[in-house]
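The same protein chain appears twice below, in two forms, each given on its own as structure tokens and labelled structure 1 and structure 2.
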Structure 1
């Protein structure tokens, strides 16, 4: 279970303050896959980073009694001066996993070849994303955070990632941001809509999409 109590987050912009989250109170239940819907710029990625502790809220509290991944594809927490192999060992120690298993799984899944033993500062964005996906799958998380990651990469790797993700999410919960309606319908049981800093959870996907499509039509 992940619960947000009075969580707020805002940014200063040239046009004023952008309130991404306004005193949000919501509970994400265990063993459910939940999609996050919202127009561009509403703060969906910020929400995912806050849930994954990659970013802190301005105020409020987050309660979590489950093992949550960092956002899949997010590589901001890795050390650029270390190799992928060294980063694997670092991640394994933090999450109490077997360094040997994490290293071997990531090496095979990421398909980085000789770059696996080169500092990550030499990686392209795609290589960093593949590493981030692979090392997250090597850890035993109970809840996976996904920010558009299912649409990343070439067709072959995208399918490889999708199959691995489907295997991992059996018995786990997922919180997924995606602009692809079919991805959310295929992956999620319910959805939440983020608008003007307010996050509303709908048990019924149909109802969530009705609200989302209304927001889209109003913004067109």
Structure 2
């Protein structure tokens, strides 16, 4: 479970302070996969980074007793001048996994072909996302933090991931930021809405989407 206790985070912008999270108290249970909805710029990515402890909140505490992945997104985590193979080994080492196993698993799962031995600066966004998923799968996390990255890549590969996630459903959960309603419907069983610094968790997707649609229509 990941629990946020009185977590606040704000950014200073030219026009004043933007409160991304205000005293948020929430608990993400292990057993559920949760989608995070919110309009552009409300701070969904920041929230994911805070959950993954890649960023410090201004105040408050994050309590976590599961093995959580790093935030999987378009970028981040990988060294562009290293090849995918070298990046694999690095990730394996810092998570205490066997470098050889992670390398083999990723090589097979990511289907990058000869690109696997090319520096990652030559990768497209889709290839990056594919690689990130494959490596994180090799590391056997209990909770995967996903920042929109599921949107990239071709349909066949998306399907492959969905199946892989499905297979692990009992063993792991996903916290997913996405703009794509169908992605969330397919992957998650509940959703939280982030708005104006407040994060509300809804037990069923229907309710969450109603709130989200209302916000969207109000913004438009």
Partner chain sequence: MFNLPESVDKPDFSLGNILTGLKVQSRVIYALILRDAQTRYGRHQLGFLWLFIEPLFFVLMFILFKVYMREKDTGGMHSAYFMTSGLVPFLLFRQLMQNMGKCIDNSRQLLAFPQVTTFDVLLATIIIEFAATLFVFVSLVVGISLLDVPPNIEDPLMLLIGIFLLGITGAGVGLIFGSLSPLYPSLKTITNPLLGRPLFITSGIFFSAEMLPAGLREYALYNPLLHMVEIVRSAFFIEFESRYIDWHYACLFALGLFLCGLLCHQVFRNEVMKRG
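For clarity, a rigid core is taken as the largest C-alpha set superposing within 1.5 Å between two forms. As the structure is a prediction and not an experimental result, all values here were calculated from the model. Positions refer to the first chain, counted from 1.
Assuming the other structure does not fit, state which one is the form predicted alone.
The chain shown first - structure 1 - is the form that fits the description.
Quick one: core overlaid, is residue 141 moving 2 Å or more at the Cα between structure 1 and structure 2?
Not so; residue 141 is displaced by less than 2 Å.
Flag for residue 67, CA shift 2 Å or larger between structure 1 and structure 2 after aligning core:
The answer is no, as the C-alpha of residue 67 shifts between structure 1 and structure 2 by less than 2 Å after core alignment.
I want to check residue 185: does it shift between structure 1 and structure 2 by 2 Å or more at the Cα, with the core superposed?
For residue 185, whose C-alpha is compared between structure 1 and structure 2 after core superposition, the shift is less than 2 Å.
Quick one: how many Å does the C-alpha of residue 86 shift between structure 1 and structure 2 once the rigid core is superposed?
Its C-alpha moves by 3.8 Å once the cores are overlaid.
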